[in-house]
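We begin with a single chain expressed as structure tokens, specifically the form predicted on its own.
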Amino acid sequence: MNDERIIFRDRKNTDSCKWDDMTPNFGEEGLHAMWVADMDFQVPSCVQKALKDYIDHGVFGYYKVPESYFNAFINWQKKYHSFEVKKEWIRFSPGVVPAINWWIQILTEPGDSVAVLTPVYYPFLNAVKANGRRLAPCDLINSGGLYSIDFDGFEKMIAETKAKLLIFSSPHNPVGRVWSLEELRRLMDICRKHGVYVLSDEIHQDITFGGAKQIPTALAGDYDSFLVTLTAATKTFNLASCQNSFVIIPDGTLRKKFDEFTEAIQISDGNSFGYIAVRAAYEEGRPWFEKAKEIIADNEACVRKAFSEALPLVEISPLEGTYLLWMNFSAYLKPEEMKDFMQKTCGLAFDYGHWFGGDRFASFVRMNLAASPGSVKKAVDAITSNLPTR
């Protein structure tokens, strides 16, 4: 697979949520899609071959999950994250977001408070509200685009709201932070002190840049009794539609709670296509992934260069992790101008900042860099050619 290359695909008119289903979020179709976090890259050839072989066999009856699937994930975690996951810790979910919703129901009661560090991936916020829990947000500290955790504010909020659960993003979506060991320990120690369970969403664990080192929250200390890790091959290999994610539960009591819940709803495993795709990706997809990262890094450099020359007051957060760029246009646009400018003037679809925690983030957008260089340039050119400097 050393000759693996990245193939860009035109995904319009392919029933792509990103390109063909914009109306629910933007009120119109036909925008240039730089929003939802999936890639415009064709998946690794090893994944295509594994799925083709299965399709060619032509029998899609009940599927037994092979040991090779678990071994592929366990080996990946050990090799690239120094995280020695035991098979008995692993459970299935059809996505990280469903798992978050399940755990909210397992670990909290209606009316309980659930903590988040805002701005944050908006399905966290939606999950809390949809399950009848109270949202307990604590804003990250923004220092010129570099974000950090307000530990004092977080502990005060936890004590005041009596939060039962923290949904944590690591690396952080959308601000791009890869948390240090010291930050992880300090946060987790506060949660242990106040009896707060933690869901650590590490779906972007592989996508780091600039020497940033992703540390699994589970390796920060002895936190197994109140910590669950959620991850997937989804972002690493562009496999969202395969609906296959990992729930890592080292603690036996928490595993029992999870097993009882999934037995009651009769969802304990997924479809064969997801298992086959994920196994192949973890076994043979690394060369493809490394090339995908190079393209993302080049795209980031393109955006920074263009804005530094034409719109130097656009605040772009450092991209330590994820392939999502968090940008603040407050020096050039008022919050109420954002939608019309981005959509009507530029013809672009971004994830809007207020989706990630409210109007205080309304001058921000999140830009997806997992696209062709031409697609990224088109978006940047639309902004720089239409935005008047002030």
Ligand SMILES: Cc1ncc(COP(=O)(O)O)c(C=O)c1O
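Since the structure is predicted, the reported quantities are computational estimates derived from the model, not experimental observations. All residue numbers refer to positions in the sequence shown, first residue = 1.
Keep in mind that the form predicted together with this ligand is not shown, yet the notes after this line are about it.
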Discussion item. Under a 4.5 Å heavy atom criterion, is I203 part of the interface with this ligand in the predicted complex?
Written reply: yes
Worksheet item: Just to confirm, N238 within 4.5 Å of this ligand in the predicted complex by heavy atoms?
Response: no
Discussion item. Within 4.5 Å, heavy atoms only: does A37 come near this ligand in the predicted complex?
Written reply: yes
Practice prompt. Answer for N299 alone: is it within 4.5 Å of this ligand in the predicted complex, judged on heavy atom distances?
Written response: no
Discussion item. To verify the annotation, which of these, P137, P216, P318, G95, has a non-hydrogen atom within 4.5 Å of this ligand in the predicted complex?
Written reply: G95
Item to complete: May I ask you to choose, among N131, T118, T108, T234, the residue with a heavy atom within 4.5 Å of this ligand in the predicted complex?
Response: T234
Worksheet, complete the sentence: Among 168-176, 248-256, 300-308, 270-278, the stretch whose residues bring a heavy atom within 4.5 Å of this ligand in the predicted complex is 168-176
